[in-house]
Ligand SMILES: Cc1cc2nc3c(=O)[nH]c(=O)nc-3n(C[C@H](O)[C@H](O)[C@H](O)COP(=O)(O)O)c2cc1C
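Given next, in structure tokens, is a single chain: the form predicted alone.
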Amino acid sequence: MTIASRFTSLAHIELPLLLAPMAGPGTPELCIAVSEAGGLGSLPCAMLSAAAIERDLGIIRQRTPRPVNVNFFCHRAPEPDAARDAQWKARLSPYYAELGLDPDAPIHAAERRPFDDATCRLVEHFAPEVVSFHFGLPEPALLARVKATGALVLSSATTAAEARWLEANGCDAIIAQGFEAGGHRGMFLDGDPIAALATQVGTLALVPQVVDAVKVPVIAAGGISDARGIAAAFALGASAVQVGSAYLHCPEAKVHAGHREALRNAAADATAVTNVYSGRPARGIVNRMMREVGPISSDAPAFPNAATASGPLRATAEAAGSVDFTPLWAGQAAGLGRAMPAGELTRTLIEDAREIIRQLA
């Protein structure tokens, strides 16, 4: 029995499974493994320089001819706010003292690159089969250039209203990101994402609403880490699934040992949505900084500036083997993941989902 879908035909892939583009843990090797197994591998580019994107896409193109997804953030850079940045650093100053760090030492600004002309030129050069965005879509002129390459365009919606907006503005398929999902919420229509958190919708309720709201294929995301979640997503009308946290257990993922340990022991209630690491809502495993500073803090500067002051804390703690100040991004079903190579995991997830669907038919 196969699980073919509108999206597999559209993207020219064999298996209806997308690797979630996870900035930091996502590597060329992880992307390649998923694509080679028949799914859609993804390269997260939001934290990469243009040179690093060129390097990683070069590696991917050398090692697989299969379709890949290249993912970008398309947020607007915030206006400078020195007073708020200083207030945030003061809030974190006790941790600087604890770790023996100089709070007055220069700090490299956190880098989360919005899609721009330089990255668009790389898309035009490498012509990835799929280009996806988070936090909406880039400005129309840039989006037109992406579509002119022939790439499929995807973006994340956390509400049916966002899904309708994305379809009206050129998306070829939509990722319905349920509240269970790890990492950053893709919210973009609400002016204040913190205030809108209380109305965010879980995957089970969101996917059928989005399926009913748009005509393009819908990809379910959030809390899907095993074959049962995949089968459920198809029952809800999804054309594919996007899986992230399950792949954090794979050897190809770039994950700190402390993060891997937290993933292995993650219960369903181990995660929370926080803004203390970046300034935008994102789901991760609760650790010391989330407990003591958040999980939601009104002091946190706008995205991505909150990450600047916590950067030295993270680097110093990680060097000592601690993940007290590391964002442990993970979804609510992260503990269902299994440690195996990414290609094997991709095939196993779909094969097991096929068997569940066969039994239910």
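Just so we're clear, the structure is a prediction, and the values are computed from it rather than from any experiment. Quick note: we count residues from 1 along the sequence shown, nothing fancier.
The form predicted in complex with this ligand is left out here; the points below concern that form.
J.: Go through 265 to 273, 94 to 102, 221 to 229, 141 to 149 and give me the stretch that gets within 4.5 Å of this ligand in the predicted bound form, heavy atoms only.
T.: One stretch meets the cut-off, namely 221 to 229.
J.: Tell me, yes or no, whether Leu248 is in contact with this ligand in the predicted bound form, where a contact means a heavy atom of each within 4.5 Å.
T.: It does: once this ligand is placed as it appears in the predicted bound form, Leu248 has a heavy atom within 4.5 Å of it.
J.: Heavy atom to heavy atom, is Ala20 within 4.5 Å of this ligand in the predicted bound form?
T.: Flag for Ala20 set to yes.
J.: Can any non-hydrogen atom of Phe73 be found within 4.5 angstroms of this ligand in the predicted bound form?
T.: Close contact exists here: in the predicted bound form, Phe73 approaches this ligand to within 4.5 Å, heavy atoms only.
J.: Just to confirm, Glu162 within 4.5 Å of this ligand in the predicted bound form by heavy atoms?
T.: Because no heavy atom of Glu162 falls inside 4.5 Å of this ligand in the predicted bound form, the answer is no.
J.: Going by heavy atoms, what in 231 to 247 lies within 4.5 angstroms of this ligand in the predicted bound form?
T.: Residues within 4.5 Å: Gln242, Val243, Gly244, Ser245.
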